[in-house]
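Just one chain is shown here, as structure tokens, and it is the form predicted on its own.
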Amino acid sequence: MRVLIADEVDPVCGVRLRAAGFEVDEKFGVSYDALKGIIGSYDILIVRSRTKVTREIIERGKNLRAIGRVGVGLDTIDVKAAEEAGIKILNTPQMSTVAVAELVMGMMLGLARKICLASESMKKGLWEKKKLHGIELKGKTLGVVGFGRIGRAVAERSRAFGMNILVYDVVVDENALTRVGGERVSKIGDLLQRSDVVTVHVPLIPETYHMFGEAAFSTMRHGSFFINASRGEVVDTGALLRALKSGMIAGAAIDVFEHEPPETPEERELVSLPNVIATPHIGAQTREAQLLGAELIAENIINAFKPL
């Protein structure tokens, strides 16, 4: 079986697949047009978030039997078209749990202690100690919207900082909730009103598109912080920008954007605000997570299609 790896993944992926009898081509960064021309020769396609696997790509992949996504989200893959074509979709949701959770903790501490502002000030030769009053996380309330693997991991780490945990999700693992000493709320508005920090960990589906808009931000506690390391489209960028500029919320940390890289005037202004920590979708960008993702996708493919 022929495998095309279209985006850069750890070399261990190709090594393991070849050892199991697969023929592997690594064409990292292949363009969309080039992919259209060659996809018909492959049985399996492996991608990350860069490559968009559209219906057109799927229809041209006459021999495709599986699409492997190194990562969690499937919003860059036309899942419906793949299902209609009988193509398996394999992903690696476990790979980024620790990496994203640790990034969120770093963002939370950065907002609370104004670490980025302090560092920028020092690099300018200033000593603005009196201007850089922060807050402590201990005793503050964290609102976790989405209590899946990453949401749970963030809650566990936040609990170690002495934070109170509120959780909102359609389905909640009660055992995990008990372990972090958290409280489940039935209405998201309740969580927003009571939280000092709100962190979002939901998938991008029609129900979550722009779930954080004018209404949500106006409901949040005055002076609270907002963190998004899930998907950019979950947030209405304009609404967040206005909430930050008006002082409705004190700050935000954003790892994901509606357009990546940011391209609209609102997105660029959001990134430029002094009370915003912005990172270029680095949630899963650790050596450990990338290695694990490569290992997991290879293992998933081998288990599903290992040649006899």
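Keep in mind it's a predicted model, so treat the numbers as computed, not measured. Note that residue numbering follows the sequence shown and begins at 1.
The next section is about a form of this same protein that is not shown, the form predicted in complex with a small molecule.
The partner is absent here, but in the predicted bound form a heavy atom of Val202, alone among Ile77, Val202, Leu191, Ala112, sits within 4.5 Å of the small molecule.
With the partner omitted from this view, the residue of Ala216, Val185, Leu177, Val72 that lies near the small molecule in the predicted bound form is Val72 [heavy atom within 4.5 Å].
Stretch 248-256 is the contacting one of 53-61, 248-256, 26-34, 268-276, since its residues have non-hydrogen atoms within 4.5 Å of the small molecule in the predicted bound form. Against the small molecule in the predicted bound form, the set Ile150, Ala229 and Ala284 is in full contact: each member has a heavy atom within 4.5 Å. Using a 4.5 angstroms threshold between heavy atoms, Thr141 stays clear of the small molecule in the predicted bound form.
Interface residue remark: Asn164 is not counted as part of the site for the small molecule in the predicted bound form, having no heavy atom within 4.5 Å. Although the partner is absent here, Asp169 sits close enough that one of its heavy atoms falls within 4.5 Å of the small molecule in the predicted bound form. Interface membership of Thr208, defined by any non-hydrogen atom within 4.5 Å of the small molecule in the predicted bound form, is confirmed.
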